[in-house]
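Take a look at this single chain, the form predicted on its own, given in structure tokens.
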Amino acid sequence: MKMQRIPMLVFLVALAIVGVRAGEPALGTGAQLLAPFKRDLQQALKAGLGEGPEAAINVCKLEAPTIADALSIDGVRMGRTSQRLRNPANGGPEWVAPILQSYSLNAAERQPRTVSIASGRSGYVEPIMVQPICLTCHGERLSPAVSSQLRTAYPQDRATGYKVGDLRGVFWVEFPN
């Protein structure tokens, strides 16, 4: 992430939090707060894939948590999780689990959702659906190089075998009301 983008991201996050206090619906606020994470992660993954799938694996492992941490300020926390984790450290907060379960059981339930959580906070969850580009590292057939790197980087990997359109997991964000 470039240093000149950090002040703009801080401004956008602060603006979104002010919107919550002014009565803006939490669903819109959650989407606003999550948008920079999704954008920056997608850009990083595309750049990594441009260097080869092995570089993209490193993006997910190293850059994704850094991006989430940089945007998790002023009481905002965010990340991504799945029922089939590649990295056990990506388990989400407890309040995400029932929504993820609902998404996995019923495709009609896969709309962004907001919930009230403890201590005057809201949570927002959005499904991550498998796109064609995801199959390089998450599909049913992986190249030998990708398979080898995944075994090395993620010995407990459960995040392969997907098809386009499958539920990969969720993005989540929690924030003060």
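These numbers come from a predicted model, not from an experiment. Note that residue numbering begins at 1 and tracks the sequence as displayed.
Another form, the form predicted together with a small molecule, is not on view; read the next lines as being about it.
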Even though the partner isn't displayed, in the predicted bound form is R86 close enough to the small molecule, meaning a heavy atom within 4.5 Å?
yes
With heavy atoms only and a cut-off of 4.5 Å, decide whether T81 touches the small molecule in the predicted bound form.
yes
So in the predicted bound form, is the small molecule close enough to Q131 to count as touching (4.5 Å, heavy atoms)?
yes
N90 versus the small molecule, in the predicted bound form: is there a non-hydrogen atom within 4.5 Å?
yes
Three-residue site L45, A56 and K61 fully in contact with the small molecule in the predicted bound form at 4.5 Å by heavy atom
yes
Heavy atoms within 4.5 Å of the small molecule in the predicted bound form: which stretch in 105-113, 118-126, 28-36, 132-140 meets that?
132-140
